[in-house]
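One chain comes next, on its own, written as structure tokens: the form predicted alone.
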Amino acid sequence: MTRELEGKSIVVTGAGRGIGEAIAKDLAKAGALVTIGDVDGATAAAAAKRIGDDGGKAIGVAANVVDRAQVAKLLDAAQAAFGPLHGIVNNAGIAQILPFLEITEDDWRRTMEVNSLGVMICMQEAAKRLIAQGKGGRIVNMASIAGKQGYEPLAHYCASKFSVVGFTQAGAKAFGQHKITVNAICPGVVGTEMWRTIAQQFFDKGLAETPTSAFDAFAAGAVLGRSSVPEDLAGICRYFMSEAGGFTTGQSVNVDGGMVYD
């Protein structure tokens, strides 16, 4: 791998495991100086250590993305450790399976707070710092194919991810004058702990025959013949963060093995 991100300071939220960790590892291999944010500080620190053991440079910081003060401290820690900020990957998110008529106000608020409000706060706080630096930058949001079409047992999750696509487009227009690009990645069915939880919830709600059958059924929609792994999302993120991706903004790109087409 070329080190096209050598010395670039990049923050990745929700990066203690899963997609976020895979992206953080890939960015570090490309030379980036990575700050891992996770709601669990020990998980963040452990992921940073794994990157360090592999020859990369990373720190882990506890941060809840729905708390603006914690997000500010996360970005401040990145700048203190690694200098001027180059970009942020807003990956932190949650999912919940519920039939449409069972979604409560509390379910809606919790999902929207983490997946939508959290992205907005992180975008705002990162953009403020990038604008102040005056050298442009990169913002990458983690959306979903559920931000491109609705899935009934995931209605409130879909709404939250549709909002991420909207924030991505609006952010691109808001920050383009400052040479800050804003793009989103839309994964499909990825073999992570989150998707294992989703599949288990399908089973618990009587919507699937086994704890794994929902995952298998959704994954079967990928025309490339397999479910995704976290590493499948790393390359597009590295592109968005690189010079090669410097003229791409406002885009929400499906990386799903051919499940959904725009």
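Each residue number is its position in the shown sequence, starting from 1. Just so it is clear, the structure is predicted and the values come from calculations on it, not from any experiment.
The form predicted together with a small molecule is left out here; the points below concern that form.
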Next item on the list: Name the stretch, out of 199-207, 35-43, 49-57, 217-225, where some heavy atom lies within 4.5 Å of the small molecule in the model of the complex.
Entry: 35-43
Margin query: If the criterion is a non-hydrogen atom within 4.5 angstroms, does every one of 16, 65 and 187 touch the small molecule in the model of the complex?
Written below: yes
Check: Ok, 77, 94, 120, 112: which has a heavy atom sitting within 4.5 Å of the small molecule in the model of the complex?
Finding: 94
Item checked: residue 168 within 4.5 Å of the small molecule in the model of the complex, heavy atoms -> no
Margin query: With a cut-off of 4.5 Å between heavy atoms, is residue 161 one of the residues that contacts the small molecule in the model of the complex?
Written below: yes
Notebook entry, point to check: Is residue 192 a contact residue for the small molecule in the model of the complex, using a 4.5 Å heavy atom cut-off?
Noted result: yes
Next item on the list: Give a yes or no for residue 143: in the model of the complex, does one of its heavy atoms lie within 4.5 Å of a heavy atom belonging to the small molecule?
Entry: yes
